[in-house]
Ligand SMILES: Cc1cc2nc3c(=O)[nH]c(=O)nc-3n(C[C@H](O)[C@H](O)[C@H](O)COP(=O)(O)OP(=O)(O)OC[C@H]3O[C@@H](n4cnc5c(N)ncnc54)[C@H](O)[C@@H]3O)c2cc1C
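Shown below, as structure tokens, is a lone chain in the form predicted on its own; questions about how it binds or moves come after it.
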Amino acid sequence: MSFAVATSLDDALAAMAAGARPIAGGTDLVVGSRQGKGALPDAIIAIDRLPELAAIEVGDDVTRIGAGVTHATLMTDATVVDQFSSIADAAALVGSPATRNVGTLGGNVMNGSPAMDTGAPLVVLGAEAELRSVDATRSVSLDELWTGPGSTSANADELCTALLIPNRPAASGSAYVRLEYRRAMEIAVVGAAAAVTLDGDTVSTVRVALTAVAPTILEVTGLDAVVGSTIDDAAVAAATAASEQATPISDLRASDAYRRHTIGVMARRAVDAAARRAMGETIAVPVNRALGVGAVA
């Protein structure tokens, strides 16, 4: 196996064009190899020292979060915490402090796990992935990017360089809530993210996406019907739709019936927390800890 450190983005893209696999934190690649899920690639190009991948840039209409931004940064960055709170909620729950300090947003997204914590928040916020190769740059929606558990539509020579997120309108809030059995090194049993915009006391827009209940992150459909309703009615409708649309499996961690029930509970809590943030209430990151959701110790 060969290993090289990219000194520029062009270096990284050239190495990938020649067959190398990019690595930043390596938290998924190394663990997967140790667990026998796949052999290490023949060539690795390290991209963790590229400053252009670690920047958060706020534009007039879109905020660009570099794929190399770590979870530790996401959970504390002022722009993310204030404008894209659900991402901060999710990042604060990822792995251990060591994992959060080296694991990156782009790595989480490109791993393609339906249990990833940052996926549902990115979906409800309307994020797109920026994919770049030697010859081209393109942006793809996340529902187009994720094609199944652990798989994406990206070409082998394409590097995820950023997540592009539309800036939020006034009176908006988002939140991510996860069911967990313990507070550290936990993978979501189920999780739900919500993004809400209010018009006075009623809901103007609401999006909900679900973690660990389908082959990919699942966005709940049919919520246009709650526009103009109260926050409580919107939360109840989201809970019902989430339970109906989820297609969970049974495994050692939970049965499909348990997941189907609890995903509705998580969806309702996420909508409620997002709406409270939209009203100006300060709910600390992550919502799980602030509201006492999930494991107590």
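Numbers for residues come from their place in the sequence shown, where the first is 1. Predicted model only: the values in this text are computed from it and were never measured.
This next part talks about the form predicted together with the ligand, which is not shown.
Residue in contact with the ligand in the model of the complex (any heavy atom within 4.5 Å), chosen from S139, Q83, T99, S133: T99. This chain appears without its partner; in the model of the complex, the one residue of A278, A15, V285, A24 with a heavy atom within 4.5 Å of the ligand is A24. The stretch from 88-96, 219-227, 164-172, 197-205 that comes within 4.5 Å of the ligand in the model of the complex, counting heavy atoms only, is 88-96. For the candidate spot formed by E128, R259 and V265, no residue has a non-hydrogen atom within 4.5 angstroms of the ligand in the model of the complex. The ligand is not shown here, and in the model of the complex it never comes within 4.5 Å of any heavy atom of T73.
Although the partner is absent from this view, I47 contacts the ligand in the model of the complex, with a non-hydrogen atom inside 4.5 angstroms. The ligand is not shown here, but in the model of the complex it comes within 4.5 Å of a heavy atom of M116.
Looking at A67, you'd find a heavy atom of it within 4.5 angstroms of the ligand in the model of the complex. Annotation for 213-231: no interface residues with the ligand in the model of the complex [heavy atom within 4.5 Å].
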